[in-house]
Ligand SMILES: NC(=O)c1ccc[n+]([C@@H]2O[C@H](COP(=O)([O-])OP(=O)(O)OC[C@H]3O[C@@H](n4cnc5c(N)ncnc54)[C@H](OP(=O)(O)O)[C@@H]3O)[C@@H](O)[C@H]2O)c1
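Here you get one chain, nothing else, as structure tokens; it is the form predicted on its own.
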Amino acid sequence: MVAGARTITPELKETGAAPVAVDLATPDGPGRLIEQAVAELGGLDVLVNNVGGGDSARGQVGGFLSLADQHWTELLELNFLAAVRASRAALPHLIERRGAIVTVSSNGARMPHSGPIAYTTAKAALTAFGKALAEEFGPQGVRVNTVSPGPVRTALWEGPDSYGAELASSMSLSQKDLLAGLPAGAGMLTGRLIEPGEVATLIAYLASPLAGSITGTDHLVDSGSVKTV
């Protein structure tokens, strides 16, 4: 297994993956990661596109009129084009091995009102992208699925300079109080944030041969936040 990230953290090293320091929001970053992964592994069976969020909380709660072109470009590069570029580089190898792609989107793609507009718009594009890839490359033996989590217990919500911190400030709440009320406010039926391992388990299943007839799907892991059928 090979994993790419801007910062090689102790937690990443503990996974046992061969870490690659790379900025996946740059035009050449995803291609370099795939090239190194193929060299390390001798081929590719699975690509997991799990890049997202934002580089900072700056301006994400100010609404549409507060966002300049640069902000849109940054969010689209990170949340959409990184997956486009990684998939383009990986697909020739995945076709050879009849592999799989699992892309992490967001339930915000189905509820664009539930998060920053540039972020949810990018995620909606990402979910549609997965559907289109599945249609084109399914006949060539590559399965493509998407996982769309709701609020997950990560630094995006819990970090001191995170989106969660900025959102709490904009609502005149402490971050602790915001997170305590978030599950109910988001319609999460379990009454708690989602744990990262719960999302990871579904990704592992979709990447495995056990899901051999599952492709072109978007799987919600959002504790029932999306109410539509």
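Note that residue numbering follows the sequence shown and begins at 1. Source: prediction; values computed, not measured.
Keep in mind the form predicted together with the ligand is missing from the figure; the text below concerns it.
Among the residues Met111, Ala86, Val104, Val142, the one placing a heavy atom within 4.5 Å of the ligand in the predicted bound form is Val104. Proximity to the ligand in the predicted bound form, defined as a heavy atom within 4.5 Å, holds among Gly187, Gly53, Gly62, Gly31 only for Gly53.
Within this chain, Ala5 lines the site of the ligand in the predicted bound form, having a heavy atom no more than 4.5 Å away.
Of the heavy atoms in Thr146, none are within 4.5 Å of the ligand in the predicted bound form. At a distance threshold of 4.5 angstroms between non-hydrogen atoms, Asp218 is out of contact with the ligand in the predicted bound form. Heavy atoms of Thr127 never reach within 4.5 Å of the ligand in the predicted bound form, leaving it off the interface. Residues Val22, Asp23, Leu24, Ala25 are the members of 13-32 with a non-hydrogen atom no more than 4.5 angstroms from the ligand in the predicted bound form.
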